[in-house]
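A single chain, nothing else alongside it, follows as structure tokens in the form predicted alone.
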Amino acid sequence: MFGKGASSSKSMEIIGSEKKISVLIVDDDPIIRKIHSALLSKFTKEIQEVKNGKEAVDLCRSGASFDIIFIDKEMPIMNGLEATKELRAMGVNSTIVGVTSCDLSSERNDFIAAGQNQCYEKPLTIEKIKSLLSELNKNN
């Protein structure tokens, strides 16, 4: 499900949909952030990026909210699992999607236990994004 309302100054829109969404990409790798941002921009009008879990937590703590958060597992300062636990403890109800370079079968339980809704292997692809957005639209 999408989280409630986005307070980001910009909003995102799924092409062909009336639902405007906001998305946050959390990854320490600038190339991955750029790839994911470019892919998501085919479906949305707004994407915000940060480079670690602490920045994501601080952003949400400052009042920003997002419908979807794509978050890497392994990052310096605060990893994706720690950040997800902190976000959930703060009451963040965004859809949180783990994105990992590790084997999904070994990571999935850790992601879900931390409070994430889904997990995908890096890098995201158009097909993965379409599938996720389609599933989220069905649940709304």
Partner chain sequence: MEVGQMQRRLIEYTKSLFMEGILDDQFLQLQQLQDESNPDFVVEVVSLFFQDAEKLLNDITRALDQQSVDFPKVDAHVHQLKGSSASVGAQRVKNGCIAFRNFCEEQNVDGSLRCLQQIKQEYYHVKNKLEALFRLEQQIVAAGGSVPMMELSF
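Keep in mind that what you see is a predicted model, and the values were worked out from it rather than measured. Numbering follows the first chain given and starts at 1.
Although not depicted, the form predicted together with its partner chain is the subject of the following passage.
Of the candidate stretches 33-41, 91-99, 57-65, 109-117, only 33-41 contains residues with a heavy atom within 4.5 Å of its partner chain in the predicted bound form. Among heavy atoms of E74, some come within 4.5 Å of its partner chain in the predicted bound form. Taking non-hydrogen atoms only, D29 approaches its partner chain to within 4.5 angstroms in the predicted bound form.
None of the heavy atoms of S131 is located within 4.5 Å of its partner chain in the predicted bound form.
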